[in-house]
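We begin with a single chain expressed as structure tokens, specifically the form predicted alone.
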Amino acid sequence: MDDFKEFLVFLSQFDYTHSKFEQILNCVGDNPTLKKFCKTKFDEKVLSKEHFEQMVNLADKTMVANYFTNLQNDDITLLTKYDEDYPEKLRGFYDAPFFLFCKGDISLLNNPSIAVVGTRKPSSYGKMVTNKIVGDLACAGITIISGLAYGLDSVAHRKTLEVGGKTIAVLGSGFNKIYPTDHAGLAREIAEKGLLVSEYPPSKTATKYTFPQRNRIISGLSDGVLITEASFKSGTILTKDFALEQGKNIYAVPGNIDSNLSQLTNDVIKSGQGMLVDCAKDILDDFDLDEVKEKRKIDYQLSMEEQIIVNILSGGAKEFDQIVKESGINTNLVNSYLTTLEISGIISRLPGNLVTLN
């Protein structure tokens, strides 16, 4: 690590806001290092004497190196706003997280994506529409982002994994303090097949303040926000407000006018804050699916026949016979191409003779 990177790794251990980190950097001055930090005189409004002394006690090169090694040993990637891999979708926001702790495939941060949010106590209708729309979006190559919470967050994550899609879970805690604890297994599966993201150090415990902060990242990482079912009292309203502030497209599923769980979605539609949708195609038509298809062409060097199959599957999971019919390629060759694509990790075969893009 160079001296600046070392200093950033040191700062990442502390649970401060973006603006606080900026203030610390400004006080330390040009070319900040651990040594310069320890010699800096801080205004009490920036860092109290007590906090400064606590930080100085940890400003040891060996301790910082060990902390960084521990992150790597836990397969945690630390991104700072100065890193090239920091997601462009977040970089321009005034309250963007200064640090992102990531576990899994960080390339997903720049994928075409939709945030899916809603109530923690969904109705059977809410679960049904979320499963239906999310499954089709994931099969079309859209990365699904949500917050690992009870209710529709976990429905969205699980459906995406079920169809072989990619999902990002943004946490309101550190990786060693997964909340809710019931979702620790789901978090592990997402880390293996998708991506976990948090702005908090691994040992950070969730609080009532961290979840609203998390919601701005859920919206910020996305290209659009889908609300499937939520009341006015739901924390979903905060994600909706962040999305409006960030200039994101908002999509809402209409619901029963007599149901409290449809208050927010119906209001979003009625007020013109978002677009009424009742299927994935509504979002994909608005979302420009060509970007997804183009990314697949760049990512993989495919033969013409393989590209035809990938394009067919970009519209969603298909039965084997459908692929043969739509491609015009004979059965044996389709089977051969599918095997090659499966080995490359591009497609997956599902129960019921279905094939889907990963």
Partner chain sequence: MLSKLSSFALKGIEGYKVDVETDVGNGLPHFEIVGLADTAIKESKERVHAAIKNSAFDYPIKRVTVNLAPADIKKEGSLFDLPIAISILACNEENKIKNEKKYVYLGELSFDGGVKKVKGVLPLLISARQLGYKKFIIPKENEVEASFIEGIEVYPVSSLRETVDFLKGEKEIEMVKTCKFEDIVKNEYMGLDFSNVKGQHVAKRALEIAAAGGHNLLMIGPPGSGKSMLAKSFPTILPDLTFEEALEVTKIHSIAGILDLKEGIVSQRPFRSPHHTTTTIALTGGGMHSKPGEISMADNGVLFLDEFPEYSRQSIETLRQPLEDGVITVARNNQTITYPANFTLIVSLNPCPCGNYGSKEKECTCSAAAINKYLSKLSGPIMDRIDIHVEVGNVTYQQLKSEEKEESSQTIKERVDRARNIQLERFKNEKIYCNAKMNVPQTRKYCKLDEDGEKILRNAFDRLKLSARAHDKILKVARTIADLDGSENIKASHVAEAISYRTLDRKYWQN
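Numbering follows the first chain given and starts at 1. Just so we're clear, the structure is a prediction, and the values are computed from it rather than from any experiment. Superpose the two forms; the largest set of C-alphas matching within 1.5 Å is the rigid core.
The following text describes the form predicted together with the partner chain, which does not appear among the structures shown.
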| query | finding |
| --- | --- |
| Residue (of Asp321, Asp60, Glu53, Asp43) lying close to the partner chain in the predicted bound form, criterion heavy atoms within 4.5 Å | Asp321 |
| Candidate from Asp75, Glu245, Asp182, Asp285 lying within 4.5 Å of the partner chain in the predicted bound form - any heavy atom | Asp182 |
| Gln23, heavy atom within 4.5 angstroms of the partner chain in the predicted bound form | no |
| 4.5 angstroms heavy atom contact with the partner chain in the predicted bound form for Gln13 | no |
| Contact test in the predicted bound form: Tyr150 vs the partner chain, heavy atoms, 4.5 Å | yes |
| 4.5 angstroms heavy atom contact with the partner chain in the predicted bound form for Lys325 | yes |
| Options 136-144, 120-128, 236-244, 201-209; stretch whose heavy atom lies within 4.5 Å of the partner chain in the predicted bound form | 120-128 |
| Partner contacts in the predicted bound form for 36-64 (non-hydrogen atom within 4.5 angstroms of the partner chain) | none |
| Rigid core superposition, Asp43 Cα moves 2 angstroms or more between this form and the one not shown | no |
| Core-aligned C-alpha movement of Phe320 between this form and the one not shown, 2 Å or more | yes |
| Rigid-core frame, C-alpha of Leu350, shift of 2 angstroms or more between this form and the one not shown | yes |
| Cα distance between Glu319 and Thr167, which in the predicted bound form differs by 3 Å or more from this form, closer or farther | farther |
| Relative Cα spacing, Ala317 and Pro122, in the predicted bound form - shift of 3 Å or more | closer |
